[in-house]
Structures are given as structure tokens and as C-alpha cells.
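Quick heads-up: it's one chain on its own, the form predicted alone, in C-alpha cells.
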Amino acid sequence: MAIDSETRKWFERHFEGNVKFDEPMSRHTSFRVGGPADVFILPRTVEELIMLIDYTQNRKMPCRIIGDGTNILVKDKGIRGVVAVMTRGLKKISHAGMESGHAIVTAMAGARMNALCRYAIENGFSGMNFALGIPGTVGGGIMVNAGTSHGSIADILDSIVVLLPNGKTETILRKNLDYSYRNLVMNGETVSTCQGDPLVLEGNFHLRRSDPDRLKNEADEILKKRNKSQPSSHSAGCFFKNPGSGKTAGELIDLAGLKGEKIGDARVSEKHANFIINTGSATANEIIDLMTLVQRKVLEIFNITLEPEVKIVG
């Protein structure tokens, strides 16, 4: 969409030094692909974020909030409207309470998951090590119930603070949150990064007191195993959701003989079949075409439709 001069001046005046126009999203996604966003903003405070959402809503301008860009695939034509990234200013981590060996650790949505894991280790709090190596931000992790075989966000979450469509904030206890696979629902409403939906601002995590050295040794082992089983190339993590029962998406793709399958510079990882990786200069179209090929072959062989876990936007 065309950004008129008056609108451009408003963004420049209110987000001086933290706004760009026609910014390539390939610079801000783990896939390293994606066309330009009309307006790209790095809010420094919750107040700036609220002001931005209010402004775009009043003008019916599309606005998408993202974290580290680790679970999205931006199409080659880019994203119309505004993209706001929470990792610049909304990343504070703190803790309170040590009663009976427990603490509540609070992390803003823009804090990276790995930063939260390091904070927990350094301060001697156990319960976060399952998330070591999971890419992305705390906000994204909360929304998709990020997890591994060692645990998940839902296991340690005490409460969340959300920004409601009316501009007010609300604290929601874990017991009032409904987690389905890679999806979060609050009072019947899906929590997301899209305009008009509740938006996660921070999470409060219930952790236990432990020995920092023991936690660090445990973390080293977890990361060592993770690095052996997952590719280090540009990707968005596991590309497809696991089916409700039976074999995992990765196992199905492997059994279909698709490891190493490629279209252009997009390739199914030979280390982990549920990863599509950018081996050089892949385009979003090449990744989408490879996704479609994988879905078609798995459907033909196993009569199972694989659903993308990665969000395709633009």
C-alpha cells in the first residue's frame, strides 16, 4: 500500500530513529527470505506499541506484530502496512519472591527465549532448560506453547499480561488459558499477533531454586544433543505440525524419501526431515513450492495432510 507523506511524517515524528520504509523482511526472518514491509517499526515501550496499534486501527492500516521472525515465512512480495518488532525495547527480564525455594520470573514478550533460559541459569532457577535452543521470543513461545520432549511453556507458566483490542491490559492466570497444539485461546479468543486480537505483552513463569552449576551442566548436555539432531542452516524450525497420533511429521517425510529433496536453494534437511532450510539464496516461492511437494507426497503415500506450523504471511 502507498504511504502518503502525512502518514510518513507521523511515523518519523513518533518513532524517530526506529522506523524504516520499504524494509526487506529478509533481514528480519530466520529463513532470510521475504520482500519489503511498507513500514517497519521498533517500538521502545509498551506505550509506543499501544500508540502504534491505536493509530493503525483508526486508519484501517494493516499492522502485524512480530518477534524474532523465527516462525514466519514472508512472501517475496512482502507485507503491506506496518510490521512492528518487539525485540528492541520490550525485552526486560526480572524476578520476585523466593518463598519456599520458588520464584516468579517475568519476561516481556520481546525477550528472546534463549535470554530467558540464560537468566534462569545464572540466577539459579530450574524449569527453563527444556527451552534451550528454541528460537524466537517469549511472546511467540507463549502463543504456540513452545516445547520439547523435556517440557513446554504451559508447564511453567503462572500468568500472562495481554494487551486487549480496546487498549487496556489484563493479567490472565494460567488456569484460564486454553492451550491446544501450537495455539493459545483466552476466553474464547485466539491470542495472536494480528490487529484486533489480544496480544501477549509479558509472561510470568513459576520456577524453582536450584544450583547454577548443575543447571549449566544440564544445559550443555541438552544443547549438545539438540545441535546433533537439528540443522544449523537458515530455517524456521520444524516446518509442519505433528499429526494428532502416530508418526511425527519428520518421520513421515523421511519415510516418504524426501530428505534432501530441493527446489532451487530450498531443501528438506538431511539431518531432520521436518526442517526446510535455505541453503543460499532461496526465495519464498521456492520454499512454498517445496512445502507443497512434501504435502502432496505424504498425502499420496500415507493419506495424511501435513499442516504448516510456520506462518506464511504477506
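Residue indices: 1-based, along the sequence shown. No experiment lies behind these values; they were computed from the predicted model shown.
There is another form of the same protein, the form predicted together with a small molecule; it is not shown, and what comes next is about it.
The candidate stretches are 208-216, 167-175, 236-244, 115-123, and the one lying within 4.5 Å of the small molecule in the predicted complex by heavy atoms is 236-244. Relative to the small molecule in the predicted complex, residues Gly250, Gly264 and Pro308 are all farther than 4.5 Å at every heavy atom. In the predicted complex, none of the heavy atoms of Gly203 sits within 4.5 Å of a heavy atom of the small molecule. At the 4.5 Å threshold, heavy atoms of Val105 stay clear of the small molecule in the predicted complex, well away from it. Remark: Ile93 does not count among the residues lining the small molecule in the predicted complex, judged by a heavy atom distance of 4.5 Å or less. Proximity of Pro43 to the small molecule in the predicted complex falls outside the 4.5 Å heavy atom cutoff. None of Met128, Ile222, Ile79, Ala146 but one reaches within 4.5 angstroms of the small molecule in the predicted complex through a heavy atom, and that residue is Ala146. The partner is absent here, but in the predicted complex a heavy atom of Ser30, alone among Thr283, Ser269, Thr56, Ser30, sits within 4.5 Å of the small molecule.
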